[in-house]
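There is one chain below, alone, in structure tokens, taken in the form predicted alone.
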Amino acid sequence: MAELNFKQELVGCFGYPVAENPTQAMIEPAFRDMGLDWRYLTLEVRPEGLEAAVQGARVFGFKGFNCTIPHKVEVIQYLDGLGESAELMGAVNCVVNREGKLIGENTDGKGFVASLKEIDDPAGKSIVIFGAGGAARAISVEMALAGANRILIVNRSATRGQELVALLNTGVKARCPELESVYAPWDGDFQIPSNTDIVINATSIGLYPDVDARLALDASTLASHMIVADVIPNPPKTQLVKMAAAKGCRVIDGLKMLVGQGVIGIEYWTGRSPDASVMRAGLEAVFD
């Protein structure tokens, strides 16, 4: 008789708010497809409860967990260590239990670059990134490491925008000497420079339930040669995605990035590679 085992391994997502986060819809189908009796829990964790939540993950023996807004930076103080990319970025979106130690990694940028490379190589490209939070940090660092030679950070808060540019111009530039990073203030509708190759929304603007929220940019400055990407997974067709498609731009929606980083997260947690098409199908089913 086969040994009976009713214990599921646990992973999950800590965020606030988190009800609109669709990650579970792609992770659990991947686990089933892999023959793993694992569960992915979507857990609402308020900022004041983050330390206790991380301790809870330790107590329950989580194999790891994702962190989303607003925990990507604050969670670092409660972990046992950081992977190279997370340390460089100062942001964590994926925590991995390695022999009882909770180690912070960052898959956001890697997932984005993987989805971008299906369309074009970022090497030598000029990039505009809206935002300076955890997602912007991850994407800008990985884009620089992938060979982008100019990154323009556009952000409302000059302090946060300039902090990210300083990160890129110090720690990252040491590994990418050709990199030029600049901050631009964001007042009114931002005009995209004509020599831009890739435009990325790394803010939460347009995230459900604020689906009608519009990224403040001058649509007339978008050109068909540009690739436009939005990190928002819910809804996949944000106002920016619709605007860019109407201008003839090649578009990357938030589901592609979500799947890309999810594949890497599952590899971290399980040591095995999932089927990305199963994950994308799981997401498309909930947004059909």
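In this text, the rigid core denotes the largest set of C-alpha atoms whose superposition between the two forms falls within 1.5 Å. In this text the structure is predicted, and so the values were computed from the model without any measurement. When you see a residue number, it is the position in the sequence shown, counting from 1.
Separately, the form predicted in complex with a small molecule exists; it is not shown, and the next lines address it.
Item to check | 4.5 angstroms heavy atom contact with the small molecule in the predicted bound form for P233 | outcome: Within the cut-off, so yes.
Next on the checklist: Taking any heavy atom pair closer than or equal to 4.5 Å as contact, tell me whether L102 reaches the small molecule in the predicted bound form.
Outcome noted: So L102 does not count as contacting the small molecule.
Next on the checklist: With a cut-off of 4.5 Å between heavy atoms, is M257 one of the residues that contacts the small molecule in the predicted bound form?
Outcome noted: Contact check for M257: yes, within 4.5 Å of the small molecule in the predicted bound form.
Item to check | Partner proximity in the predicted bound form: S157 to the small molecule, non-hydrogen atom cutoff 4.5 Å | outcome: Yes, S157 lies within 4.5 Å of the small molecule in the predicted bound form.
Checklist entry - Looking at A148, V199, A132, C94, which has any heavy atom no more than 4.5 Å from the small molecule in the predicted bound form? => result So the residue touching the small molecule in the predicted bound form, by this definition, is A132.
Next on the checklist: Within 4.5 Å, heavy atoms only, which of C176, I192, L79, I205 is in contact with the small molecule in the predicted bound form?
Outcome noted: Contact with the small molecule in the predicted bound form is made by I205 alone.
Checklist entry - Which of 148 to 156, 81 to 89, 166 to 174, 118 to 126 has heavy atoms within 4.5 Å of the small molecule in the predicted bound form? => result In the other structure, the partner sits against 148 to 156.
Next on the checklist: Once you overlay the rigid core, does the Cα of I69 travel 2 Å or further between the shown form and the other one?
Outcome noted: It does, since the I69 C-alpha is displaced 2 Å or more between the shown form and the other one after the core fit.
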